[in-house]
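Below sits a lone chain in structure tokens, taken as the form predicted alone.
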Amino acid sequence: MAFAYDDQNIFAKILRGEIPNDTVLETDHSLAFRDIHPQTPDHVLVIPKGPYATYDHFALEASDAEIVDFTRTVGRIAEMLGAQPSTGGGGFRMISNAGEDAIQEVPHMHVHVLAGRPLGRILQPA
């Protein structure tokens, strides 16, 4: 079964202005906003404005302009949070769940940028 885009998902509604959000940064092709249930002191979601269901869908079908804009937006968010390890920040974790097996809850591609505290290992050694 394919994981399809649903234009009634919460992020599509946010993009249409039907649901408010706490915007951190908006660009031509991306929107970054604070998660309503933050898992870390700094928890920002970055979404493309186009109708992409998963990261692979975005990577394969988005325009070069959309991909560059999204990637730079993630970098700017890390900079805004003071989390860039390249400039002395403590670092950040990016998570993007894709599809049912990964427990993707919203069928709109998004990346969680998590920062503000040590996060520990994401996976434990076998």
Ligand code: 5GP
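Counting begins at 1, following the sequence as shown. Quick caveat: nothing in here was measured; it's all calculated off a predicted structure.
A second form of this protein, the form predicted in complex with this ligand, is not displayed here; the remarks below concern that form.
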Answer range among 34 to 42, 73 to 81, 86 to 94, 60 to 68 for contact with this ligand, defined in the predicted bound form as heavy atoms within 4.5 Å: 34 to 42
Touches this ligand in the predicted bound form: I19 (any heavy atom, 4.5 Å): yes
4.5 Å heavy atom contact, V106 and this ligand in the predicted bound form: yes
Contact label in the predicted bound form: I14 to this ligand, heavy atom within 4.5 Å: yes
Interface membership of I10, this ligand in the predicted bound form, 4.5 Å heavy atom rule: yes
